[in-house]
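Only one chain comes next, encoded as structure tokens, the form predicted on its own.
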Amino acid sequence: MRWIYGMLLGFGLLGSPAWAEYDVHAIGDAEKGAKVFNKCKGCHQVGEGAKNRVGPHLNGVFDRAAAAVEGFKYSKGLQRAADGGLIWDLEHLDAYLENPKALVSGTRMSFRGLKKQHDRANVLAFMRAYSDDPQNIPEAAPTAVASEVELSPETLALIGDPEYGEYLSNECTTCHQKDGSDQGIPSITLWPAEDFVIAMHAYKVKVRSHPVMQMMAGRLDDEEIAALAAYFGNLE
């Protein structure tokens, strides 16, 4: 029996062992996730009596629409993502925890992200217990782990050609300004290369929502994305 089911039974969150026949994967270890969550406590609260702080409270976050906590003033970036239909399902929560600014341009969340997959899995398991209907595990969508979109070390290690990136950038700069201004359109000037690459691949596989960007990224191969990252990452 996987640890998470035993933990939830211990908490009284599961009413019947009938779920044991399902072939599902636990998100992670909630007890370890509680320790990982210490990195989040400076901005976020979760659990009984949780309130908005620098960031919104995280009760009920699973399957909630982005920018939906009443009384919290969200960044324009989160509001744009919400307008684009972003839902905090397991896939998008994992992507956001890995690299917030790659998933949501303009977010005020300055956290650099949890790069280790097991840290993200554990803290998501911890947060899951404070979302709606945890008794539905494993039938609940957040525990049915979808195939992850992962970039190979080779893709992340590609060194792009900035001159080729400049050649490719004409379509980008019809919207994104070279001077870094972000009036209406997020700035991509001086983005760290890895953040740029992750964002473009997130659009390419449609983890990140924006139909125009999904179309644009879908045309690019790994080398072209790396070249654009090299160009915009060093643009004066």
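Fair warning: this is a prediction, and the values are worked out from it, not measured in the lab. We call the rigid core whatever largest set of C-alpha positions still superposes within 1.5 Å between the two forms. Quick note: we count residues from 1 along the sequence shown, nothing fancier.
Below: the form predicted together with heme C (HEC), not depicted.
- Contact with heme C (HEC) in the predicted bound form, defined as a heavy atom within 4.5 Å, holds for exactly one of Val46, Ala34, Ala193, Cys40, namely Cys40.
- The partner is absent here; in the predicted bound form, the one residue of Ala121, Leu114, Ala81, Ala95 having a heavy atom within 4.5 Å of heme C (HEC) is Leu114.
- A residue is said to contact a partner when one of its heavy atoms sits within 4.5 Å of a partner heavy atom; Phe72 meets this definition for heme C (HEC) in the predicted bound form.
- Taking the partner from elsewhere, Arg64 is found to have a heavy atom lying within 4.5 Å of heme C (HEC) in the predicted bound form.
- Shown alone here, Val54 lies within 4.5 Å of heme C (HEC) in the predicted bound form, counting heavy atoms only.
- For the chain shown alone, Ala50 is not a contact residue for heme C (HEC) in the predicted bound form, no non-hydrogen atom being within 4.5 angstroms.
- Within 4.5 angstroms of heme C (HEC) in the predicted bound form, the stretch 82-112 places a non-hydrogen atom from each of Trp88, Leu93, Tyr96, Leu97, Thr107, Arg108, Met109, Ser110, Phe111, taken in sequence order.
- With the core held fixed, the Cα of Asp63 is displaced between the shown form and the other one by less than 2 Å.
- For Leu190, the Cα coordinates differ by 2 angstroms or more between the shown form and the other one after the core has been superposed.
- In the predicted bound form, the Cα positions of Cys40 and Arg208 lie at least 3 Å nearer to each other than in the form displayed.
- Annotation for the pair Trp88/Tyr203: C-alpha atoms recede from each other in the predicted bound form, by 3 Å or more compared with this form.
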